[in-house]
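Only one chain is given next, in structure tokens, and it is the form predicted alone.
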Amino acid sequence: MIKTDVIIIGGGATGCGIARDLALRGIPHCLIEKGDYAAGATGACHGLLHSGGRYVVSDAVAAKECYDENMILRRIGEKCVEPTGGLFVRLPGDSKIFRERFLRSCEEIGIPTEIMSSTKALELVPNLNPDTEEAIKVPDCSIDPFRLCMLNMRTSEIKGGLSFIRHKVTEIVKSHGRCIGVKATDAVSGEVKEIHANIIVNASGAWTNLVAGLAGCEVPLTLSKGSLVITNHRLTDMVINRLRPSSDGDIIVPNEAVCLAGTTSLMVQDPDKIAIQPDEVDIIIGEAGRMIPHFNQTRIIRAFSGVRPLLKSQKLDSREISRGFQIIDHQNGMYSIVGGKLTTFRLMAEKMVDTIMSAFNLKRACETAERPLDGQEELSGYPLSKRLSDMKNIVCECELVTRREVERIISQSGTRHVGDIQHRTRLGMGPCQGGFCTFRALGIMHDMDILTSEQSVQSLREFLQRRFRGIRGALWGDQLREEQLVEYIYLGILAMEQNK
């Protein structure tokens, strides 16, 4: 049995942020995540570090939080944040009344804006719709959510924190009505770990109510599915927003060598049973194409969905639900933290750890807003300029990932999952979506005696199924032709369709 002071359930941005804050305040802790870091909504987002502009008219409190945290993350996560800037573009037919409300609300909150003529906007973003009537510049940024989580966990690791990824919490251990620990099952070995602590923090996002249910508690949530698509290259170097009330397909975010566009907003009941509908993809492409016409002819390499865990509301449109967050004290040793945004994860973690410190009757101020994230130099190896310096033994041509880098990640983490390598190196995130590099990475794992031949084949089968779910919504044109080639390689040459 493992003993610590605080157990965190959930390895998204909020859970990882809580682990970092606890580490800096000297509180022993253990984080448990059923998948890899950022496996839920964190890893299925735009990668947008909000300026607050998207919420400034509808939710002033959330907008102010986003702006303040944007400024903080620029300072502490310089190697993790790309300060792209953002434009809210007004197209023919878009309301001038909303424009005035937007500008007035930004001024009231303190979000800096710059009104630009269509000519100036087109100079900044040549691909922008030439019919754009004007644009308003805001301090939006792009951020890598996977890297963000790992940077937060690096501090936890340095300070002696424990973490168990790919471990699912199956039981909340109780004594005299109080939550005193958890039992977590290793997804690979089936081993059950029992971990005890004084406080349990439920930061499991869309699964918060399911985890709370293990302790006989309830967390009222509204689950909102948002779908996005990824292009095979960058169409803009700035975040592009539509200057109108939030709607489908009104954001385009540059991230590394690609762009992400979305999103939709559909109520769902089960976060484990979501699928991307063809009409969602059509809507996103159509609306993104109104802001950047070239989007309609650009190759889409993937479509994916995430589930937003929003505070329970009777509102029929989930976009009208507040993006604020709430800490729930279940009065039994467990706390749940729900709501919020990726952009506000650090603030959410600070308030949660303040609550924990108060429960322990301890006093130590939060340092996460001042101290830079640990490990930024090592984990900032994604930019192409850095990857181009080492072109030997390339495993993934799309993202220029080398064998040495793959071996380093395997040695450091001991992972048996190719997806873990992907999140740490971008292997398989390019146009082929892992079609030409995944079997190479699995071969390396086999060479390093991490996987047997049978396990490698099974892992490859599982990967191909997950991969197809993502690219199914993008199968036309060049992407369809490439998928037919990948299908022939795996089913024809490698005979993956055969059950041996």
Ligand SMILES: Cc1cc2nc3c(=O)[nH]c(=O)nc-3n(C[C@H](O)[C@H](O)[C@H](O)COP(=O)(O)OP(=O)(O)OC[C@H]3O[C@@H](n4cnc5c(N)ncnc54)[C@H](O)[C@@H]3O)c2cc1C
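Numbers follow the displayed sequence, beginning with 1. Everything quoted here is computed from the prediction, not taken from an experiment.
FYI, the form predicted together with this ligand isn't displayed, but the following is about it.
Student: This ligand isn't shown here, but in the predicted bound form, which of 46-54, 471-479, 427-435, 455-463 has heavy atoms within 4.5 Å of it?
Tutor: In short, 46-54.
Student: Even though the partner isn't displayed, in the predicted bound form is Trp207 close enough to this ligand, meaning a heavy atom within 4.5 Å?
Tutor: Taking the distances in the predicted bound form, the answer for Trp207 is yes, it comes within 4.5 Å of this ligand.
Student: Determine whether any heavy atom of Gly226 comes within 4.5 Å of a heavy atom of this ligand in the predicted bound form, and answer yes or no.
Tutor: So Gly226 counts as contacting this ligand.
Student: Using the partner position in the predicted bound form, report whether Gly306 sits within 4.5 Å of this ligand, counting heavy atoms only.
Tutor: Taking the distances in the predicted bound form, the answer for Gly306 is yes, it comes within 4.5 Å of this ligand.
Student: Could you tell me if Ala39 has a non-hydrogen atom within 4.5 Å of this ligand in the predicted bound form?
Tutor: Residue-level check for Ala39: yes, a contact with this ligand.
Student: Let me know the one among Ile27, Met445, Ile32, Ala63 whose heavy atoms come within 4.5 Å of this ligand in the predicted bound form, would you?
Tutor: By the 4.5 Å criterion, the partner-contacting residue is Ile32.
Student: Counting only heavy atoms and a 4.5 Å cut-off, does this ligand in the predicted bound form sit next to every one of Val169, Ala203 and Lys341?
Tutor: Each of the three qualifies.
Student: Output the sequence-ordered list of residues from 1-24 with at least one heavy atom within 4.5 Å of this ligand in the predicted bound form.
Tutor: The stretch touches the partner through Ile9, Gly10, Gly11, Gly12, Ala13, Thr14, Gly15.
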